[in-house]
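The form predicted alone is given below as one chain in structure tokens.
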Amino acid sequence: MQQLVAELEQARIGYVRLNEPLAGYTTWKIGGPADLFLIPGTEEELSAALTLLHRHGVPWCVLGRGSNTLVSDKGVRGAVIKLGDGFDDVRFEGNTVIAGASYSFIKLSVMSGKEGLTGLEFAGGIPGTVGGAVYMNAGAHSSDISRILQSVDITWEDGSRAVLGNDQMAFSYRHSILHERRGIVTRAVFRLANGDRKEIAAALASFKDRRLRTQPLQMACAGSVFRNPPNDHAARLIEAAGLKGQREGAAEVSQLHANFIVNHGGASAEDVLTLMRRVQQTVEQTYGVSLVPEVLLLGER
């Protein structure tokens, strides 16, 4: 690892640290240390970093703004990559929006609305980054990334780069080609439509108000824990099974929204996982439905 670190520093790969605690980088405020933590600031730095990691056979994963992610108490073996400031930008060219992968997905919806562009209103309630949204084909309010994405820049695990069109992304519910082939989104291009600024602002305000009323956003949480099963909602099943308020240590099934697990302070990843398994088992036994986690589980178990 020391040799790899020396090569990364020689290649000037932005921020490079050993044994970096990850709890402060996640919205759940949970997680042990990463063996190696990297924050490349440009596509060139990212490509060089992935090339070196590939050459040394070091596994890696990506951490965005830390929502939708549960990091193990034991930390992450290998490298954790967090894209830096060079990926946190946006520009508008007519109906086209070009956004860096670390740009806030919620902020993108707001900025697009101010430009009089419609199509991203659904993103107003989805935390995280543009890159994470593309990876997960994030969606809400009967829309998702697949409906508006034109193309995406990707750096593959060997350091090579490519531009993929929408039809190459293998989009389905909460799925993209990046679940099958290792790579990192660096930039995304969206095709939106002209709309009325007041109507867009009203829709965003309505979604925000509903989110604040129905989700425990004032507490440490990670967004929806489970995917919605076909023709149903995970929150409805969890609440109907009487699981609201169930606790494991400082982790609790939110009493405001049953598909959220909140950290009351000091909860461990194991607390959250134990609670997730209890929810899955109870819903399976009660309704015969298998809930699939939406949160990404990172690190050593």
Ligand SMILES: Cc1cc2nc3c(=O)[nH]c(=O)nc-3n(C[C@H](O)[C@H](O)[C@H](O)COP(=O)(O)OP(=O)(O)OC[C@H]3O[C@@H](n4cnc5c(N)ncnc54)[C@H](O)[C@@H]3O)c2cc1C
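Owing to the predicted nature of the structure, the values given are computational and were not obtained by experimental measurement. When you see a residue number, it is the position in the sequence shown, counting from 1.
Below, we turn to the form predicted together with this ligand, even though it does not appear here.
Remark: residue 202 does not count among the residues lining this ligand in the model of the complex, judged by a heavy atom distance of 4.5 Å or less. The closest non-hydrogen atom of residue 72 lies beyond 4.5 Å of this ligand in the model of the complex. Taking non-hydrogen atoms only, residue 241 never approaches this ligand to within 4.5 angstroms in the model of the complex.
Although the partner is absent from this view, residue 77 stays clear of this ligand in the model of the complex, with no non-hydrogen atom inside 4.5 angstroms. Residues placing heavy atoms within 4.5 Å of this ligand in the model of the complex fall in a single listed stretch, namely 177 to 185, out of 91 to 99, 177 to 185, 160 to 168, 191 to 199. Contact residues in stretch 38 to 62 (any heavy atom within 4.5 Å of this ligand, taken in the model of the complex) are limited to 62.
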